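What follows is a single chain, given as structure tokens, in the form predicted alone.
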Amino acid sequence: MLTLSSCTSEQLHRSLRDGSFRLYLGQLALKVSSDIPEFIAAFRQLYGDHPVTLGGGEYDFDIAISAPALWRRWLRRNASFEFSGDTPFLPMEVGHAHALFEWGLNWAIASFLHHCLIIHSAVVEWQGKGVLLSAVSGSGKSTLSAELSEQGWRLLSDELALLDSDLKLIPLARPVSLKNSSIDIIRQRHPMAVIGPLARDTHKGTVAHLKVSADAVGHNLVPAVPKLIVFPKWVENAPLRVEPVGAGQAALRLIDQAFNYSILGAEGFRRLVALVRTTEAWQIEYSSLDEARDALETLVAEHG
């Protein structure tokens, strides 16, 4: 299948303008439209290895990153996120367009992809074993998942764990969101990593996105079997601390981080109970990414 990076600039711009562009994120097909050059440049840079088509076709979500009403253009260059023609969010300045796309896509998945139990969690795989890294925002899970992906772990997602009815983790490998100091940390540790443009002064501070590996994209149709649940927390200057978490406590924590647990009702309860019964749960407190990675690899080897 065609990849985004193999499209010519003319092909890409025409397809994004006329509504015939499709982006494939594993099982998810997106119709993406845009005429904003800043978004298109970042989109091409960060999704270059993803499969696409330029001639239309079926899709799950219809997303557009477009200029808002004409009168706004005279006041400030802004970008809007449109979902099936609706605009669920206020416009943002054009330099935030790609971040807006990623945030909007997270919202769309969490709001509508209810054949999966959706948990706020990064998902990675090591030696064929799936690991959920579930934590509240600000705990460093995206930085940790970015580090792991640059060290040979397979990344399925940095933000959303999708658990299907067979208790498999559905891949959704796409750019990893890095915020504030995390951007420079990953840049310094991995100088060859591809990091997109900075979106400054957003509601989350400065945001940039890390391009995921071609290998992770190439395995976007290969589910992972969950073996470990890890609750990570970065604490400045803290010594490494690794402790087990009981199944009941793990379930309560995951319910707090699940977007659609109540929507799925009994089925959500069934999947969550089965998940904590068939995996081990641990919590890790760390200040060193190297120590955290070593600890996770040891957990996978000994308990996965």
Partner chain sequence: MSLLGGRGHDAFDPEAWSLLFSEARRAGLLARLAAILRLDEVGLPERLQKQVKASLIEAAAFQRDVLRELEHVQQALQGLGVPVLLLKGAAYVRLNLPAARGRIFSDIDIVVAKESLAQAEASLMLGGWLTGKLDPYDQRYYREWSHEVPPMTHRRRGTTIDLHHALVMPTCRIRVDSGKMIREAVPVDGSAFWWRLQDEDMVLHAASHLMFNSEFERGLRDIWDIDLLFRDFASRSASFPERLFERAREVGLGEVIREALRLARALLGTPVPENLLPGDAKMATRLVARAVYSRHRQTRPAGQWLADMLLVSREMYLRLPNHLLLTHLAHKASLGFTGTTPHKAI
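Nothing here was measured: the structure is a model prediction, and the numbers come from that model. Positions refer to the first chain, counted from 1.
From this point on, the text means the form predicted together with its partner chain, which you will not see here.
Under a 4.5 angstroms non-hydrogen atom cutoff, its partner chain in the predicted bound form lacks G138 among its neighbouring residues. In the predicted bound form, its partner chain sits within 4.5 Å of a heavy atom belonging to D62. Taking the partner from the other structure, its partner chain in the predicted bound form has no heavy atom within 4.5 Å of any heavy atom of R189. Put simply, P88 is close to its partner chain in the predicted bound form: some heavy atom of it is within 4.5 Å. Between 124-132, 223-231, 205-213, 79-87, the stretch whose residues reach within 4.5 angstroms of its partner chain in the predicted bound form through a non-hydrogen atom is 79-87. Using a 4.5 Å heavy atom cutoff, none of H13, V176 and I195 lies near its partner chain in the predicted bound form. In summary, among the residues Q45, T53, Q27, Q257, the only one with a non-hydrogen atom within 4.5 Å of its partner chain in the predicted bound form is Q27. Here is the short version: of L100, L144, L160, L169, the single residue with a heavy atom within 4.5 Å of its partner chain in the predicted bound form is L100.
Along 259-289, a non-hydrogen atom within 4.5 Å of its partner chain in the predicted bound form is carried by S262, I263, L264, G265, in order along the sequence.
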